[in-house]
Ligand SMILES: Cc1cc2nc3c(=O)[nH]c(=O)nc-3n(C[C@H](O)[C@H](O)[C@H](O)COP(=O)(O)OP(=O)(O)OC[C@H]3O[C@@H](n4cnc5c(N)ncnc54)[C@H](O)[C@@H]3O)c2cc1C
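Next up: just one chain, as structure tokens, the form predicted alone.
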Amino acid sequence: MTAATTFSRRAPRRFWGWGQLDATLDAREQATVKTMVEQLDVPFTERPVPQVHEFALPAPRVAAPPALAGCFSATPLDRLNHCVGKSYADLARMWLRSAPTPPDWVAYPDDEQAVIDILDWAQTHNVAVIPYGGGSSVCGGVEAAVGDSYAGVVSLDLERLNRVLEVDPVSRAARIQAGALGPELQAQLKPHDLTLRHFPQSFEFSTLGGWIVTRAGGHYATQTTHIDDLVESTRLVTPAGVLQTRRLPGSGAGPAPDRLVLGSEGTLGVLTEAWVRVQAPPRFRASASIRFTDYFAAARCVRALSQSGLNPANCRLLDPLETVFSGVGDGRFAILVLGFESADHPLQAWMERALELVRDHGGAYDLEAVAQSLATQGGDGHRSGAAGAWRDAFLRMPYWRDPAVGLGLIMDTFETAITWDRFEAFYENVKADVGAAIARATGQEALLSCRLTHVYPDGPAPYFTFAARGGADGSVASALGAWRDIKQAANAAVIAHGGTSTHHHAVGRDHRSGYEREVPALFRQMLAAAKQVADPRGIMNPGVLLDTVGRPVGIRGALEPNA
């Protein structure tokens, strides 16, 4: 990889894939990827990865403001890194050496006042602003596809606003800047013996602000599943002024302003900091890996667990094929990864009752492995067996996708939520609809699997994974064309069969077609009115969630072939 200049203070990232520029797969991971690729009858070979010099980027269309020139960058690597997020389609377009709608500039404000100044300048000069946290969006949320009515586009990167500013150990809360990556805020909370305990799969390369404005799902499979549950107050810089909400444990005073900030995806303003609820790190853990021969019996077991009040920290059910994708099974059984954790008390009673429910539903497990996970306070027995293997695979999966994209394979996911009474029919119908769409788009039977990532007393969040050869010619271009058809079919299927357009991956551009069917038209009009107040000139992330009144952008980005 040739060296490239970047204005960022963080280690250089792959603009064409996941992780840092120097990331590599170990021998075991290479073998896993090889197995996955060869299951699709594609020979596993390494292809040259994209290089910065292979991209011809247009010159910036607007001049950087002289007073802020020190935080504006137009280096090719910075612009490429802020061109798109990390969805399959984002990476495929980079492998095609075609940078879609690169931002004219990347701005790195040093403080909140610089954010205010940038928005003031952008309003005056008709420049669209795309707030950027860690860039891990998989739904077109950070792409500069804003239409033709703007003089330019700036990607506003909050990496320098990355500090824990204040800790309240009595109330167990912390005030943290929005640009803090997961490992950064975790490291700063550790000396206080506190943790946020929110671990999305993108933890390494996503930020607190990104989690909040996309309503990210985190570590816990039950109870505190979303970042929503951890937010105490927020501070949002909008083009019309600063919105600072009050810090309270709860309130019944009308519609909550934080609820407008949560999930706003940069369309109303730039989140600069938030007070969040933190906790002591867990000292007691317990885990079990449970096999089921009947997948729907396993799902009924998960329902019983979710309605029991036991509140397991981990309760993820992998269907047989998903165990193969995750490297924790051979496809003969569904596997339930079950775990408990606590900072306060041992967990034997919780695990014993959970295993009673498991036995009631025909599940089998290794009692010795369960005992080992319970044996040592603060130990790592909970990371043994399939549970530990799944955890490691969960964090490393994004790295496995990169070489497959370059081989012209489609590897992607979509997730949703549905009530328990409709789950079994939903699972079958969505697999049938999307499987048929994959066959039409690629001419072959796909590998299509599912896991339950989060569960509630009233329903689960199914998370589907699919893989297929993209087309007869084996090219990335044909794979990308097939992906567009499959993605639109998946969006339609989850809504048609009663689910949500997204459980925790946000809306962006890629899920707007489903979102607009899911959310009442009157509410969308109310949201558009709120945007008009906070962002009267429509400069904030145009095209995401909704169109700006008087400035329609439509659904642009990865789903449009010419975007």
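Computed from a predicted model, the values in this text were never measured in an experiment. In this text, residue numbers run from 1 along the sequence as written.
Separately, the form predicted together with the named molecule exists; it is not shown, and the next lines address it.
Task: Contacting member of 373, 207, 416, 234, with respect to the named molecule in the predicted complex [4.5 Å, heavy atom] - done: Spelling it out, the residue with a heavy atom inside the cut-off is 207.
Open item on the list: Within 4.5 Å, heavy atoms only, which of 318, 410, 301, 271 is in contact with the named molecule in the predicted complex?
Closed with: Looking at 318, 410, 301, 271 one by one, just 271 meets the 4.5 Å heavy-atom criterion.
- [ ] Answer yes if any heavy atom of residue 202 is within 4.5 Å of a heavy atom of the named molecule in the predicted complex; otherwise answer no.
- [x] Contact check for residue 202: yes, within 4.5 Å of the named molecule in the predicted complex.
TODO: Determine whether any heavy atom of residue 109 comes within 4.5 Å of a heavy atom of the named molecule in the predicted complex, and answer yes or no.
DONE: No, no contact at 4.5 Å.
TODO: Classify residue 86 as contacting or not contacting the named molecule in the predicted complex by the rule of any non-hydrogen atom within 4.5 angstroms, answering yes or no.
DONE: Output for residue 86 is yes: heavy atoms within 4.5 Å of the named molecule.
Task: Contact of residue 479 with the named molecule in the predicted complex (heavy atom, 4.5 Å) - done: Outside the cut-off, so no.
Open item on the list: If the criterion is a non-hydrogen atom within 4.5 angstroms, does every one of 213, 398 and 505 touch the named molecule in the predicted complex?
Closed with: Every listed residue reaches the named molecule in the predicted complex, so yes.
Open item on the list: Looking at heavy atoms inside 4.5 Å, which stretch does the named molecule contact in the predicted complex, given the options 134-142, 335-343, 186-194, 284-292?
Closed with: Heavy-atom contact with the partner occurs in 134-142.
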